[in-house]
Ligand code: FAD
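In the form predicted alone, a lone chain appears below as structure tokens.
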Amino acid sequence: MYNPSAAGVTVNTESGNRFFVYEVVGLRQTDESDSTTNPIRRSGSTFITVPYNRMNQEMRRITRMGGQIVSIRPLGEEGTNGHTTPTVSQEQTQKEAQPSKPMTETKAKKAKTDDIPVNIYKPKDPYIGKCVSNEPLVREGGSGIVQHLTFDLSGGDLRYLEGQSIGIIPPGEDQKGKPHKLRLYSIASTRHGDHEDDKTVSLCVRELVYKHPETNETVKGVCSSFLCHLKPGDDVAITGPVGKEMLLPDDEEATVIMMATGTGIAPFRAFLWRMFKEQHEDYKFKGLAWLFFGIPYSANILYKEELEKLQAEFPDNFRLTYAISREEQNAQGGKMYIQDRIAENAEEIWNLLQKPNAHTYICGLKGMEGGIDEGMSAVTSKQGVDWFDYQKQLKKEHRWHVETY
């Protein structure tokens, strides 16, 4: 999802071509560890060669497999008697190797700013990744072009969290002869990427097409058209990540209400993958996730198969409610928009919002906010509660998250 509201890109991190050797013990037997060439079953230690710019990612991968790093040394450097000379203490290494914890911004437990990756790459020195895949998301009979794009991150040290955005700098120059400015897009993958190897990031992008108000000519968005027509292997200039407003709470018992239109589904796909598809030792979601998704046609239901599969597998923890404007009618006989679905379910939503660990996320077209407020006001007024005052309290407690355009 294109996200013009997020902001901020500053420093770049150091990278290089040096290699280091990790001595690792305690790796579990998994598909990932079995695919290595190291004799894990026959030796107490495993030695893994890692380039400098992949050190942190490799630490997190080793930790996920149950390994413990006991020493790190530059490649080719040995101590006396052929033994490796640790260059980083075991305590320090294990501290750095801990995977990033799921973030939260609840009143009781806010995320620490230091834990959230921000502005690792800046526009003047972006990370140059490559397009891994570019898949269409709109089926026959739908409107517009929407693509799911995945980019390779293995050559750098860009990391991110669910709910953040990255910047894309399209190639070429604008009408003034200056390089194009970056556009921000919400990330559609979890921190581990679609391949769950910490090496990719994915976006959900709709090609912007409109009529010029003066010439009536068809105009296509510079960056969205560039992205939607990328081919595997093409280079992409990436900045960021940015954003702290849409981070997922770390409470495994939380109630997470998500309201999306179109490509606003991007951060919620990341949420749902982390909640239900991936397996984590330190995060096992047992709460309720409820997604309201507004689209014009059934063929425009982005990630339809993924969403409905999760709903079938986790019926007690995941609810899915569509609002298909061109195919369904609301109670008044008009088009069914997401705000109409909110109005239909406002009483239940109100009951859920009164839980201290309930979070609401809104992502997509700004126009839906007014309708959502109207639907909620109709219910809260019956309880003698001013919805806007209550909403202010939710925002103060960091439980009302909005990213619209």
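For every residue, the number given is its place in the sequence shown, counted from 1. Remember, predicted model here, so these are calculated numbers, not experimental data.
Heads up, the form predicted in complex with this ligand isn't pictured, but that's what we're talking about next.
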| Counting only non-hydrogen atoms and a 4.5 angstroms cut-off, does Thr190 reach this ligand in the predicted complex? | no
| Any of the heavy atoms of Cys223 lying within 4.5 Å of this ligand in the predicted complex? | yes
| Can Leu208 be called a contact residue for this ligand in the predicted complex at 4.5 Å between heavy atoms? | yes
| request: Evaluate His148 for contact with this ligand in the predicted complex, applying a 4.5 angstroms cut-off between non-hydrogen atoms, and reply yes or no. | output: no
| note | Within 4.5 Å of this ligand in the predicted complex by heavy atoms, the stretch out of 179 to 187, 279 to 287, 312 to 320, 154 to 162 is 179 to 187
| task | Just give me the single entry in Cys204, Met275, Leu248, Ala260 that has a non-hydrogen atom within 4.5 angstroms of this ligand in the predicted complex. | result | Cys204
